[in-house]
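Next up: just one chain, as C-alpha cells, the form predicted on its own.
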Amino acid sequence: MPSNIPRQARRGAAIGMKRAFILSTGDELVRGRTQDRNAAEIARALSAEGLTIVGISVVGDDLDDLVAVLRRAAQEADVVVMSGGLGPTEDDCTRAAAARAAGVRVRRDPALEEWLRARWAERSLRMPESNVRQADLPEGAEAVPNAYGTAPGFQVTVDGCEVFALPGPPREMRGVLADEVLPRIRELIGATDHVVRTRTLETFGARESDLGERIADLMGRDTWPRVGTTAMRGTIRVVLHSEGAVDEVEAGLDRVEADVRQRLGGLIFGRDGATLAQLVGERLIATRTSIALAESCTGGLVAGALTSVPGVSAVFPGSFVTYSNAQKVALLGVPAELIERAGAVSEEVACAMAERVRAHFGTDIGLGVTGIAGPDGGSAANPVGTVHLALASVRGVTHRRVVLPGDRALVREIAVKCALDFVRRALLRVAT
C-alpha cells in the first residue's frame, strides 16, 4: 500500500497493555467448511511479544453477534486482533461492527479509494464498484496498509482497547501482522522485560500415555516452566511454556528441555514444528545418502513427503508405486511365487521390495512399504492397519511390522511417518 494513504499519529505510547483477545470471523469457520488457522498464528505471535492471550472466539458473518463479541473482548483485553470480514461483499461486516462497537459511524476514506482503483488499474482491470466498500473505515480509525492484497486493515479504539482488523486470507493476514500490527503493538506496549516463550519438542514412536509417564513429574500444575503434551495424528508434541523476565524464562526452558531430552532420547526428532520429512530429507542430503522407495499401501505418499524438502533431488532419484501384485512383479521383479506363498502384505515381500528398488536405482538405501489401509482386506493374521516396512542397505535388510489405528486416511498418514522414522533411526545408527 503506497505512502499516500495518510497515517494518524500513533495513539499514546506505552499504554502497558498485557492482555490480548483474538477474534476470527466468517460463516465458513463456524460451519466447519474452513479450518481457522489464523487464530493460532496470531496467538503465537502475540505471545512472543509478551502478551497474555485471554480468549479466542470465532463468530459468523452476523453484525449483531460480531458487535457483541467485540464489545466483550474489548472489556476483557487491552488489545484485540481480528481477522476476516474485510472483503467487498455485504456479509463482510467487520468495519460496520467495529464502528458500532466504538460508537461511531463508517466513513469513506478518499485516499484508500484512490489506492484501490490504482491497484486494480495496475492489473489492467476495472474495479467493480462493490470493491469501493473496502475504502470504508470507522470514524477515527487508522488504515493499516496491506501490501499483499486489496483489503486494507485498520486500527480503532473501542472502550479504551486497541482493536486491529486484519484481512482473512492467511497469506495477507500473516504479512500485515508482521509488517504493520506487531510493530504498532510493540510501540504501544513500550519497553518491557516480560516475555512469553513456548518451545515444542516433536516426538514419534511412543504412545502419549507412555511418553507422559516418563515426564509425569514435570507436568504437575505447580511446576514451572509448564510442560504438557499434545497428540497430533501419530506425532506427540511436548510443549514447554514459560512467562517472566527474559533471562529467567530462557534459563528455565533450557533446563527443562535438557531434562526432557535426557528422558525421551531418540523419540525426539525435532523442535518447534519440525517434521519427520524435513529432518530425514535434510539428513540424507547432509550425509549424501541416496534413497529409493517402493510403496504399496501408501501410494506414493512417502515420496510426496520426502520431495517437499528442497534439494532432496540430490539424493532421491525416484520411486515405484506398485499397488497391485502384478506391478510388484513387473516393475520390481518381486517373484510371483513369493507373493503367492507369503502374501503381498508380509515381511518377505516388503524386504524384496526394498532390495529390488535399491538395486534398480543403485542407491544407498531402499525402502519398501506394504500394508492394509482398509477399510476391508484384513484377517486374523493381518488385521486392517497392518504395515510392513523394510530397509535395505549395504548392512543388509531390516524389517519392522506395525499395526496402526484409525480409518484408511489415518493409517496411511501414520504409515508415512513410520516409514520416515524408520529411515531416521537407520541414519542415526550409521552416524553412531
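Note that the rigid core is defined as the largest set of C-alphas that superpose within 1.5 Å between two forms. Worth saying up front: this structure is predicted, and the values here are computed from it rather than measured. Quick note: we count residues from 1 along the sequence shown, nothing fancier.
The same protein also exists as the form predicted in complex with a further copy of the same chain; that form is not shown, yet it is the one meant from here on.
The single option of 219, 178, 111, 245 touching a further copy of the same chain in the model of the complex, heavy atom within 4.5 Å: Contact residue from the list: 219.
If you check 107, 263, 72, 184 against a further copy of the same chain in the model of the complex, which one has a heavy atom within 4.5 Å? Checked against the cut-off, the match is 72.
Using heavy atoms and a 4.5 Å cut-off, decide whether 49, 279 and 381 all contact a further copy of the same chain in the model of the complex. Zero of three within 4.5 Å in the model of the complex.
Hey, of 280 to 288, 138 to 146, 321 to 329, 252 to 260, which bit sits against a further copy of the same chain in the model of the complex at 4.5 Å between non-hydrogen atoms? That would be stretch 321 to 329.
Although the partner isn't part of this model, could you tell me whether residue 158 comes within 4.5 Å of a further copy of the same chain in the model of the complex, counting any heavy atom of the residue? No, no contact at 4.5 Å.
Whether residue 377 contacts a further copy of the same chain in the model of the complex should be assessed with a 4.5 Å heavy atom distance threshold; does it? Residue-level check for residue 377: no, no contact with a further copy of the same chain.
State yes or no: in the model of the complex, is some non-hydrogen atom of residue 395 no more than 4.5 angstroms from a non-hydrogen atom of a further copy of the same chain? Result no; residue 395 lies far from a further copy of the same chain in the model of the complex.
Determine whether any heavy atom of residue 235 comes within 4.5 Å of a heavy atom of a further copy of the same chain in the model of the complex, and answer yes or no. No - in the model of the complex, heavy atoms of residue 235 and a further copy of the same chain never come within 4.5 Å of each other.
Does any residue in 32 to 58 get within 4.5 Å of a further copy of the same chain in the model of the complex, counting heavy atoms only, and if so which ones? Going through 32 to 58 in order - heavy atoms within 4.5 Å of a further copy of the same chain in the model of the complex - the hits are 32, 33, 35, 36, 37, 40, 43, 44, 47, 53, 54, 55, 56, 57, 58.
Fitting the rigid core first, would the Cα of residue 130 be found 2 Å or more away between the shown form and the other one? Yes; residue 130 is a residue whose C-alpha shifts (by 2 Å or more) between the shown form and the other one when the cores are overlaid.
Answer yes if the Cα of residue 35 shifts by 2 angstroms or more between the shown form and the other one on a rigid-core superposition, and no otherwise. After core superposition, the displacement of the residue 35 C-alpha between the shown form and the other one reaches the 2 Å mark, so yes.
Is_shifted residue 60 between the shown form and the other one (CA, 2 Å cut-off, rigid core): Yes, the C-alpha moves 2 Å or more.
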